[in-house]
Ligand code: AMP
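Taking the form predicted on its own, here's one chain by itself in structure tokens.
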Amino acid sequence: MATNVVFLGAPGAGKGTQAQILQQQYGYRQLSTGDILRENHKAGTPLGKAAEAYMQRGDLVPDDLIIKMVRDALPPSGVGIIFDGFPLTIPQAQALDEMLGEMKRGLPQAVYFSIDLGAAKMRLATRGREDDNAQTIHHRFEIFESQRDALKRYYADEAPSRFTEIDADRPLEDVTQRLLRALKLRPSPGVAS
């Protein structure tokens, strides 16, 4: 059975970059709630319309909406999923565990990307996405900091053997190598060891 992984960490910690590497080189499927929200918004779906005001303010989309979007976007079983940007709250983490349990997919491993928040903010400021304006970035960090410790404890205390913290301030290749070791993956030919 493919391993499912939860990527935790501040906005700009490099979760999306690492998810892309696992997706391209190891066959994982990245499930980014930010991308799902933007797709639903662009398509004008009822869920996208319901989430629009929250997204514009940089607020957390209510748990029930985001959980429904994630459930609808889950790929077929047998594919390892990287949950990027989800869960962000304890109720979301509990809902994810329930969802995966109902689908007989097993509980996920959790990887926390630790980064200096000033460095993460600088990364976001240079990323150039339309929802990365200074006010929204500041608000997203406030929300992240308010949830961070409880979410880390949820995963670290629940199953320490499935929780890893990685220093995301290190060079990209080093972060990737630490991630591969945490997930017990061998470097593919395109990944420096």
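All residue numbers are counted from 1 along the displayed sequence. As the structure is a prediction and not an experimental result, all values here were calculated from the model.
Keep in mind the form predicted together with the ligand is missing from the figure; the text below concerns it.
The partner is absent here, but in the model of the complex a heavy atom of D59, alone among E39, E165, D59, E158, sits within 4.5 Å of the ligand. L88 is the sole member of L96, A120, L88, A110 with a non-hydrogen atom within 4.5 Å of the ligand in the model of the complex. Proximity of Q30 to the ligand in the model of the complex: non-hydrogen atoms within 4.5 Å are absent; the residue sits far from the partner. When the ligand is considered in the model of the complex, R129 lines it closely, a heavy atom lying within 4.5 Å.
Residue contact check for Y26: none of its heavy atoms lie within 4.5 Å of the ligand in the model of the complex. Interface residue remark: M55 is counted as part of the site for the ligand in the model of the complex, having a heavy atom within 4.5 Å. Against the ligand in the model of the complex, the set G34, Q92 and R140 is in full contact: each member has a heavy atom within 4.5 Å. Along 64-78, a single residue, I66, places a heavy atom within 4.5 Å of the ligand in the model of the complex.
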